[in-house]
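One chain follows as structure tokens, the form predicted alone.
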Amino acid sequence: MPDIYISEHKPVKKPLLHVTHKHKVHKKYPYSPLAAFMYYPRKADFVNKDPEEEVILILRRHPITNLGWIIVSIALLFAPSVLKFFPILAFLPENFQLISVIGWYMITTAFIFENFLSWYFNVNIITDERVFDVDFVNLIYREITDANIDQIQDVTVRLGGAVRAVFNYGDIIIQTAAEIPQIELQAVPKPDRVARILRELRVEEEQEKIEGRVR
């Protein structure tokens, strides 16, 4: 299960056999837990990662997609203050009014926590060998789809709407020859760049097959 964590081990260096995508010298960026677009994150790792496998991209939905539930959460947090002007709970004893307000804040906290976890743990991981799509349902259930880079048949970028155009995010549909024929990366930042990286990785895999360097 590709849970992401910070590795204590130094990444394995590969020989520069030829100058292609994953053998170029890339600047390693620090692993940022809350970033939505991490290109060659330094010290990023996940469970079941092969020793020589290198993480190219870690993606989440663009942060702007959280705006809806954040606005709702703010409204829910300030809702009890309305009771000062509209005492709709006045018919209850004071102790029950207090319990009702506390219950309201507990429900609001659970709503915020659930939406944040959904954004944080729904991740896409692209390595030099595989593509992972991790769908977080709840704390005890996740659905993970993966496909090898050489199984990718087609990559489609789907954009639409002024908001997506302004903030530069969209969906990427990956058609594969794997057991699950389609992997969808939803609302990821810089979709054109992600698609280009996937195409470069496919070319690299084909070159490795020709040269007999397939792991």
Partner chain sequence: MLASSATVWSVAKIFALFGLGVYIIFAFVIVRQVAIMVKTLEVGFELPIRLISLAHLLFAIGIFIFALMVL
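Numbering follows the first chain given and starts at 1. All values reported here derive from a predicted model rather than from experimental measurement.
The same protein has a further form, the form predicted in complex with the partner chain, not shown here; the description that follows concerns it.
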Heavy atoms within 4.5 Å of the partner chain in the predicted complex: which of the stretches 184-192, 166-174, 151-159, 38-46 has them?
-> 38-46
Even though the partner chain is not shown here, does F113 get within 4.5 Å of it in the predicted complex, heavy atoms only?
-> yes
Would F78 count as a contact of the partner chain in the predicted complex, using a 4.5 angstroms cut-off between non-hydrogen atoms?
-> no
Spell out, yes or no, whether the shortest heavy atom distance between M106 and the partner chain in the predicted complex is within 4.5 Å.
-> yes
Would V123 show up as a contact with the partner chain in the predicted complex if we use heavy atoms at 4.5 Å?
-> yes
Sequence order please: the residues of 52-66 with a heavy atom within 4.5 Å of the partner chain in the predicted complex.
-> I58, R60
